[in-house]
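Single chain ahead, written as C-alpha coordinates, the form predicted on its own.
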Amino acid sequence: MNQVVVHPERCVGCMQCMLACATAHSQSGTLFGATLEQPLPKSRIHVGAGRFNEGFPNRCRHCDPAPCQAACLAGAINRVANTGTVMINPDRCINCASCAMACPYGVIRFHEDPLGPPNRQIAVKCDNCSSRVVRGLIPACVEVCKTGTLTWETVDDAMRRKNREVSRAMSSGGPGQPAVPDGVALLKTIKQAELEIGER
(Lines give C-alpha, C1' and ligand atoms only; values in the text may rest on other atoms or scores of the structure.)
Protein backbone atom coordinates (compact mmCIF):
# COMPACT_ATOMS: atom_id res chain seq x y z
CA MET A 1 0.00 0.00 0.00
CA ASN A 2 1.17 3.53 -0.76
CA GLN A 3 2.35 5.90 1.91
CA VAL A 4 4.22 9.18 2.12
CA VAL A 5 7.93 8.42 1.92
CA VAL A 6 10.39 11.10 3.04
CA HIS A 7 13.71 11.59 1.19
CA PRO A 8 15.38 14.10 3.57
CA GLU A 9 18.47 14.59 1.39
CA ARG A 10 16.28 16.43 -1.14
CA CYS A 11 14.57 18.88 1.24
CA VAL A 12 15.37 22.57 0.76
CA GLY A 13 13.21 23.77 3.66
CA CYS A 14 10.69 25.71 1.55
CA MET A 15 7.84 24.67 3.89
CA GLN A 16 5.31 24.43 1.05
CA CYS A 17 4.29 21.05 2.46
CA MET A 18 3.25 22.71 5.73
CA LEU A 19 1.13 25.29 3.93
CA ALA A 20 -0.52 22.64 1.76
CA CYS A 21 -1.18 20.42 4.79
CA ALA A 22 -2.85 23.21 6.78
CA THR A 23 -4.98 24.13 3.75
CA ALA A 24 -6.00 20.49 3.15
CA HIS A 25 -7.12 20.22 6.78
CA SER A 26 -9.14 23.44 6.77
CA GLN A 27 -12.91 23.72 6.53
CA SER A 28 -12.80 25.64 3.24
CA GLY A 29 -10.05 23.61 1.58
CA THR A 30 -8.64 26.80 0.00
CA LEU A 31 -5.62 28.84 1.04
CA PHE A 32 -7.52 32.14 1.15
CA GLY A 33 -10.48 30.63 2.99
CA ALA A 34 -8.18 28.91 5.49
CA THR A 35 -6.61 32.25 6.52
CA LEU A 36 -10.05 33.52 7.59
CA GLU A 37 -11.07 30.49 9.65
CA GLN A 38 -11.25 30.30 13.42
CA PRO A 39 -9.42 28.37 14.68
CA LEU A 40 -6.72 28.68 12.05
CA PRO A 41 -5.86 25.28 10.56
CA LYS A 42 -2.38 24.03 11.42
CA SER A 43 0.00 21.80 9.56
CA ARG A 44 0.38 18.15 10.51
CA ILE A 45 3.85 17.95 8.96
CA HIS A 46 6.62 19.97 10.60
CA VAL A 47 9.79 21.11 8.83
CA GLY A 48 12.72 21.37 11.22
CA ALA A 49 16.32 22.44 10.69
CA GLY A 50 19.16 19.94 10.52
CA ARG A 51 22.80 20.41 11.49
CA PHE A 52 23.55 22.62 8.48
CA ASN A 53 20.17 24.41 8.56
CA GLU A 54 18.86 22.06 5.89
CA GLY A 55 15.19 21.23 6.09
CA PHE A 56 13.77 18.00 7.43
CA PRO A 57 10.05 17.26 6.99
CA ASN A 58 9.00 15.42 10.14
CA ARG A 59 5.69 13.60 9.94
CA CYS A 60 3.89 10.61 11.42
CA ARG A 61 5.42 7.31 10.29
CA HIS A 62 2.22 5.34 11.01
CA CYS A 63 4.35 2.83 12.93
CA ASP A 64 3.35 -0.80 13.14
CA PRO A 65 2.94 -1.43 16.02
CA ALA A 66 2.17 2.19 16.90
CA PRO A 67 3.45 3.33 20.35
CA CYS A 68 0.86 6.13 20.39
CA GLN A 69 -1.96 3.65 19.92
CA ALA A 70 -0.66 1.42 22.72
CA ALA A 71 -0.37 4.43 25.06
CA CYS A 72 -3.78 5.95 24.33
CA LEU A 73 -5.84 5.70 27.53
CA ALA A 74 -9.14 6.56 25.86
CA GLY A 75 -8.78 4.17 22.91
CA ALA A 76 -8.98 7.13 20.54
CA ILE A 77 -6.19 5.90 18.24
CA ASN A 78 -6.73 3.09 15.77
CA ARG A 79 -5.27 1.76 12.53
CA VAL A 80 -7.28 1.66 9.31
CA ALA A 81 -6.84 -1.92 8.13
CA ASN A 82 -6.82 -1.42 4.36
CA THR A 83 -4.46 1.60 4.33
CA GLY A 84 -2.32 1.09 7.44
CA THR A 85 -2.97 4.70 8.46
CA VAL A 86 -2.97 5.40 12.20
CA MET A 87 -5.90 7.73 12.95
CA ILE A 88 -7.04 9.72 15.98
CA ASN A 89 -10.76 9.87 16.73
CA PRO A 90 -11.20 13.51 17.84
CA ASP A 91 -14.45 12.74 19.67
CA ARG A 92 -12.76 10.16 21.93
CA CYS A 93 -9.52 12.09 22.61
CA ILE A 94 -9.30 13.27 26.23
CA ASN A 95 -6.17 15.42 25.69
CA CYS A 96 -4.08 13.41 28.18
CA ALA A 97 -0.90 13.59 26.02
CA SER A 98 0.01 9.93 26.61
CA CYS A 99 0.30 9.45 22.85
CA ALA A 100 2.68 12.40 22.48
CA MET A 101 4.92 11.06 25.25
CA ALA A 102 5.01 7.64 23.56
CA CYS A 103 5.69 8.96 20.04
CA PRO A 104 9.41 8.56 19.24
CA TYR A 105 9.24 11.20 16.49
CA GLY A 106 7.50 14.05 18.32
CA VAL A 107 4.85 14.54 15.64
CA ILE A 108 1.68 14.67 17.76
CA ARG A 109 0.52 18.18 18.61
CA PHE A 110 -2.36 19.44 20.75
CA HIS A 111 -4.61 22.24 19.61
CA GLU A 112 -8.14 23.05 18.57
CA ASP A 113 -8.72 21.61 15.12
CA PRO A 114 -11.14 23.07 12.54
CA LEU A 115 -12.36 19.55 11.72
CA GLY A 116 -12.61 18.41 15.36
CA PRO A 117 -14.95 19.23 18.24
CA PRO A 118 -15.37 23.01 18.72
CA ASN A 119 -13.62 24.81 21.59
CA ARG A 120 -11.63 21.73 22.61
CA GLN A 121 -7.95 20.92 22.26
CA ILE A 122 -7.24 17.44 20.93
CA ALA A 123 -4.31 15.36 19.73
CA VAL A 124 -3.62 16.04 16.04
CA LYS A 125 -1.23 14.29 13.65
CA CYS A 126 -0.85 13.32 10.00
CA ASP A 127 -3.71 11.23 8.65
CA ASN A 128 -2.11 10.59 5.23
CA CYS A 129 -4.74 12.97 3.81
CA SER A 130 -7.30 10.14 3.95
CA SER A 131 -10.11 12.41 2.76
CA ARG A 132 -8.07 13.24 -0.36
CA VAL A 133 -6.90 9.66 -0.97
CA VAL A 134 -10.47 8.26 -1.01
CA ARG A 135 -11.22 10.78 -3.78
CA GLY A 136 -8.28 9.45 -5.82
CA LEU A 137 -5.91 12.33 -4.97
CA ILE A 138 -2.45 12.11 -3.45
CA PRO A 139 -1.64 13.73 -0.07
CA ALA A 140 -1.37 17.52 -0.26
CA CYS A 141 2.24 17.63 0.97
CA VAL A 142 3.35 15.26 -1.80
CA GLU A 143 1.42 17.18 -4.45
CA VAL A 144 3.20 20.48 -3.72
CA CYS A 145 6.72 19.12 -3.10
CA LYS A 146 8.79 20.18 -6.13
CA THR A 147 12.08 18.58 -5.09
CA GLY A 148 10.77 15.02 -4.68
CA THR A 149 11.42 15.04 -0.93
CA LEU A 150 7.95 13.62 -0.33
CA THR A 151 6.67 10.82 -2.55
CA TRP A 152 3.49 8.71 -2.51
CA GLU A 153 4.59 5.12 -3.08
CA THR A 154 5.22 1.81 -1.38
CA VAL A 155 8.30 1.55 0.80
CA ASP A 156 9.53 -1.32 -1.41
CA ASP A 157 9.35 0.88 -4.53
CA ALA A 158 11.17 3.70 -2.74
CA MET A 159 13.94 1.33 -1.60
CA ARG A 160 14.32 -0.17 -5.09
CA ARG A 161 14.62 3.29 -6.65
CA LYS A 162 17.14 4.41 -4.02
CA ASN A 163 19.17 1.25 -4.58
CA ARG A 164 19.24 1.94 -8.35
CA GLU A 165 20.35 5.56 -7.79
CA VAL A 166 23.18 4.53 -5.47
CA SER A 167 24.25 1.69 -7.79
CA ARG A 168 24.40 4.00 -10.82
CA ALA A 169 26.29 6.67 -8.90
CA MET A 170 28.86 4.15 -7.65
CA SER A 171 29.38 2.13 -10.84
CA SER A 172 32.58 2.76 -12.76
CA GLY A 173 32.66 3.83 -16.37
CA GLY A 174 29.28 5.55 -16.44
CA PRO A 175 28.18 9.08 -15.70
CA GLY A 176 25.89 7.83 -12.94
CA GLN A 177 22.59 9.25 -11.85
CA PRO A 178 22.87 11.56 -8.83
CA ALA A 179 20.74 10.54 -5.85
CA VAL A 180 19.94 14.22 -5.27
CA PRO A 181 19.10 16.73 -8.04
CA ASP A 182 22.11 18.98 -8.83
CA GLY A 183 20.34 22.17 -7.71
CA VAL A 184 19.42 20.66 -4.34
CA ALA A 185 22.95 19.33 -3.79
CA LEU A 186 24.41 22.75 -4.64
CA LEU A 187 22.07 24.55 -2.26
CA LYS A 188 22.96 22.15 0.56
CA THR A 189 26.69 22.60 -0.12
CA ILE A 190 26.32 26.39 0.01
CA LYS A 191 24.38 26.24 3.31
CA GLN A 192 26.99 23.93 4.83
CA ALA A 193 29.87 26.18 3.69
CA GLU A 194 28.16 29.32 5.08
CA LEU A 195 27.75 27.66 8.47
CA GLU A 196 31.33 26.41 8.55
CA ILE A 197 32.61 29.89 7.67
CA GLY A 198 30.43 31.40 10.40
CA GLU A 199 31.84 28.97 13.00
CA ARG A 200 35.41 30.11 12.38
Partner chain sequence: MKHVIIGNGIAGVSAAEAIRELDAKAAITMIGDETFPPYSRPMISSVLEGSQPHSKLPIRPKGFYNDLSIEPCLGQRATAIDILGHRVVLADGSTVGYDRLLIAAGADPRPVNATGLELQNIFYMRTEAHSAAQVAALPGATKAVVLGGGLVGFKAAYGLLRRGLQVTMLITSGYPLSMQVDPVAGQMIMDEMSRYGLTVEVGVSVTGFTGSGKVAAVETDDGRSLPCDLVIIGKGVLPCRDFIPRGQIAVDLGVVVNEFMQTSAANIYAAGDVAELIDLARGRRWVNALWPEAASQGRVAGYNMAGRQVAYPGSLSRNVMRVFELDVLTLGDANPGDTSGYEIVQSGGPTSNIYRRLVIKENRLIGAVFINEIEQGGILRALIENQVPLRLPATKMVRRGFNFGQLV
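Numbering follows the first chain given and starts at 1. Since the structure is predicted, the reported quantities are computational estimates derived from the model, not experimental observations. Note that the rigid core is defined as the largest set of C-alphas that superpose within 1.5 Å between two forms.
As for the form predicted in complex with the partner chain, it is not shown, yet the points below apply to it.
Asker: Of the options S130, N78, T83, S98, which one has a non-hydrogen atom that comes within 4.5 Å of the partner chain in the predicted bound form?
Answerer: Selected option: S98.
Asker: Would all three of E37, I138 and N163 be in contact with the partner chain in the predicted bound form, where contact means some heavy atom lies within 4.5 Å?
Answerer: Checked in the predicted bound form: no contact with the partner chain for any of the three.
Asker: Of these, 130-138, 26-34, 49-57, 152-160, which stretch puts a heavy atom within 4.5 angstroms of the partner chain in the predicted bound form?
Answerer: The contacting stretch is 49-57.
Asker: Even though the partner chain is not shown here, does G106 get within 4.5 Å of it in the predicted bound form, heavy atoms only?
Answerer: Flag for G106 set to yes.
Asker: If we define contact as a non-hydrogen atom of the residue within 4.5 angstroms of the partner, is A74 a contact of the partner chain in the predicted bound form?
Answerer: So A74 counts as contacting the partner chain.
Asker: For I94, is any heavy atom within 4.5 Å of the partner chain in the predicted bound form, or not?
Answerer: Taking the distances in the predicted bound form, the answer for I94 is yes, it comes within 4.5 Å of the partner chain.
Asker: Tell me, yes or no, whether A102 is in contact with the partner chain in the predicted bound form, where a contact means a heavy atom of each within 4.5 Å.
Answerer: Yes, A102 lies within 4.5 Å of the partner chain in the predicted bound form.
Asker: Any CA movement of 2 Å or more for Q192 between this form and the one not shown, core superposed?
Answerer: The answer is yes, as the C-alpha of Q192 shifts between this form and the one not shown by 2 Å or more after core alignment.
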